[in-house]
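Coming up is one lone chain in structure tokens, specifically the form predicted alone.
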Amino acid sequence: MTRVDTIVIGAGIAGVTCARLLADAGQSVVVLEARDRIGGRMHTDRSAGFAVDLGASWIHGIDDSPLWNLVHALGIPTLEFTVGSFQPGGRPMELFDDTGAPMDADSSARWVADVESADRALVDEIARSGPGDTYLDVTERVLDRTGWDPQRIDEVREFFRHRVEEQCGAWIGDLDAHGLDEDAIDGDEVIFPRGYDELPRRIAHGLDIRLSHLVTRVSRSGSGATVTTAQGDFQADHVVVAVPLGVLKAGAVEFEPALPDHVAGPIGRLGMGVFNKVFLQFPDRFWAEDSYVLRALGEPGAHWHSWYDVSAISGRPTLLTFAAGPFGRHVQTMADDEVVADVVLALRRLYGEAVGDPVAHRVTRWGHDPFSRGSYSHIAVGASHRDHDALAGPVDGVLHFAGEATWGEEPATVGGALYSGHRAAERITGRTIDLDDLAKNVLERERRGSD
């Protein structure tokens, strides 16, 4: 039986960050990962000869971001792409009205102004909301007071619904009224032309990571904990559970004794959303050269509503669209060909026969992935922001939790996952660890390895 100072379960960004910081502090650490790869929900496919990020894609706001500082220090290239947080404006967009017709500049500006006006009113409405109020409740109360005509209201209503789907992977009626309180972007957003999983892979280099090690049980006692896998048991003084919330909610890992309510309660209350990607590569570009986003408002955008131009990654005409929330769960039951045909049909309602048949595609199904069981966490009705941080534990001074679902200030993001891994390492070592040292140590190991 292998015994180490700390066992980390999960080799996503939270797990490898925690393990790296502990190892650099002199601890013996083993990382147990159920998948056959590092990165978790940071998953880059390079089979086509260029990077396709099937999971996480963006840094949402680079100002005062330790995540951005780390990426910059490691010299990982990025591209500015500041609409990844479902913004109504700010970059060139092609907007289509509820008939599928292109909107002129005046109509587009009016719609953006409507969304911004409703958003300002939402701040006060959310502040007045009570327990049990959903995001649907507060948005409907705001829209009811606008006095706008039904079409104008529907265009903003659809935006609110789709924003919740993309930000949370959930239906707007399942999200708590405060579920988007942390939805703020400071500075530009960026994507990764070489693939986002370069970050966890470089952090993880040199760690003792056991791939294809599915953890089924964690048993803790006064002397530490035992972690059970099909390949045998592992023992340690501390265990960091850095698996997605969906895995915890499904009970895929048994805890003995059972988790106390201060951790089990948040697991039960927080929601795990579904957010899937559909990449379509076309023979020719049929949208404007400078457009970041194509967006259908109203009925034409009921399902497929936003397409993001990610051609800069591959140099080929490529659009990325999303299926999230209940629609995302439905899309997971469809064959790839059905999904592609449905997306193309929606585009042809806007652009006609200028839309050629796609020459390549990729479709994700994160809700069906047994090692994630969803895409990222959200504040479901009955939960609160406090539940995120409470989920981190610790339990009996032995068991710690990390991952985006455990970071209340910035949940559902790579940054939140990274910072949670840092927090777990500090709690285990009992001392402050400078996160800036992470990049220095990674670069030093890489330098030594090339000598």
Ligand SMILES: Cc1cc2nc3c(=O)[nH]c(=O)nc-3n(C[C@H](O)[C@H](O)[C@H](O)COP(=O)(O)OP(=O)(O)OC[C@H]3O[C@@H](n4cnc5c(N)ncnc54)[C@H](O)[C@@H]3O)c2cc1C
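Sequential numbering from 1, following the sequence displayed. Treat the numbers as computed from the prediction; the structure is a model and nothing was measured.
Below: the form predicted in complex with this ligand, not depicted.
- Stretch 401-409 is the answer when you ask which of 44-52, 382-390, 422-430, 401-409 has residues with heavy atoms within 4.5 Å of this ligand in the model of the complex.
- Among residues of the shown chain, residue 68 is not one whose heavy atoms approach this ligand to within 4.5 Å in the model of the complex.
- Of the heavy atoms in residue 111, none are within 4.5 Å of this ligand in the model of the complex.
- Although the partner is absent from this view, residue 253 contacts this ligand in the model of the complex, with a non-hydrogen atom inside 4.5 angstroms.
- The shortest heavy atom separation between residue 185 and this ligand in the model of the complex exceeds 4.5 Å.
- Taking a 4.5 Å heavy atom cutoff to this ligand in the model of the complex, the contact residue among 287, 171, 148, 371 is 371.
- Note on the partner interface in the model of the complex: the residue among 218, 313, 243, 339 having a heavy atom within 4.5 angstroms of this ligand is 243.
- Heavy atoms of every residue among 57, 366 and 417 are located within 4.5 Å of this ligand in the model of the complex.
- Of the residues in 4-32, those that come within 4.5 Å of this ligand in the model of the complex through at least one heavy atom are, in sequence order, 9, 10, 11, 12, 13, 14, 15, 32.
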